[in-house]
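One chain comes next, on its own, written out as structure tokens in the form predicted alone.
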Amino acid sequence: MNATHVPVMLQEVVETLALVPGATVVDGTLGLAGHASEMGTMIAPGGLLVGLDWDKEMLDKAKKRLAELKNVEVRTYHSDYRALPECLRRACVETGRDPVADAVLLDLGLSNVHIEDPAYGISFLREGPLDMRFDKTRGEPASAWLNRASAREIEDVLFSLGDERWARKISQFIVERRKVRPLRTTTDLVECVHAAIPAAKRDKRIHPATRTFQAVRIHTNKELDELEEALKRIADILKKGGVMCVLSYHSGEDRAVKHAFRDLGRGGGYEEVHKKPVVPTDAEIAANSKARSAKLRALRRVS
């Protein structure tokens, strides 16, 4: 696949992080290094850029792009953001730096590669194996869970992680469908959604399977597991004046970020940079529809 990824709210992110030459920066969700490559140019000369991604194939592509940076040390790790403090410490030992960060970025959204490559099974627009894992070395494909879970378990996931109001009907159709033939492809899941939601009742603004695929993907990758706790651990590695930015795209993600930041702010050692989450401009949304639901929250360490 030759998909590209347009970094969301790039200008807002780099302005909020206020990067300077020599800084130590961590991108905990590296993707194709859209944000990271820009941050890398801003911390030269003498900076350290640490990048993590749980998708090995994506990480390899990002490393090639980051190799073009000049006068910046780069360290990359095949891991997810929950291991960010450990990866930063490792990078700092290797480079002889203090294990603290001037800036941290977490972009919790999908890359276009994940959407456009049918092998991931994430897009409802392209037929592929119903897998949905970012890291195929861990966990089980979405199909295994959908073919095993009870209707109530599936309903709970669709409602809580996808805000899907047809969750009960869809889960019932999935269970009935698998009695005849197990779900194996993305098309199988789309057909269940279409069967459950009457055409006249479908949201005209989005594909009927959007919320179902979102919920199953989040569940498969455990994307929200320990998110609040992870953010608090990551905040602990910021130096005084350091900033953490988080881009979220789903109400559950944004809620976890908001709660974590407000808990940290109540302790007195941190403050939120923006009174309200920053959202993309109309011009950016017109140019990149993927940015539509994005929210940017930022936290600064003050003591």
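Bear in mind the structure is a predicted one, so any value in this text is a computation, not a measurement. One rule holds for the numbers: they count along the sequence shown, beginning at 1.
Below, we refer to the form predicted together with a small molecule, which is not included among the displayed structures.
A.B. asks: Glu164, Thr212 and Ile218: each with a heavy atom within 4.5 Å of the small molecule in the model of the complex?
C.D. replies: Verified in the model of the complex; spot residues all out of contact, no.
A.B. asks: Any chance Ser79 has a heavy atom within 4.5 Å of the small molecule in the model of the complex?
C.D. replies: Result yes; Ser79 sits at the interface with the small molecule in the model of the complex.
A.B. asks: Is Ile197 close enough to the small molecule in the model of the complex to count, meaning some heavy atom within 4.5 Å?
C.D. replies: No - in the model of the complex, heavy atoms of Ile197 and the small molecule never come within 4.5 Å of each other.
A.B. asks: Decide whether Ser171 counts as a contact residue for the small molecule in the model of the complex under a heavy atom distance cut-off of 4.5 Å.
C.D. replies: Taking the distances in the model of the complex, the answer for Ser171 is no, it never comes within 4.5 Å of the small molecule.
A.B. asks: Does Gly40 make contact with the small molecule in the model of the complex, using a 4.5 Å heavy atom cut-off?
C.D. replies: Close contact is absent here: in the model of the complex, Gly40 is far from the small molecule, nothing within 4.5 Å, heavy atoms only.
A.B. asks: Looking at 143-151, 198-206, 104-112, 183-191, which stretch has residues with any non-hydrogen atom within 4.5 Å of the small molecule in the model of the complex?
C.D. replies: Going by heavy atoms within 4.5 Å, the stretch is 104-112.
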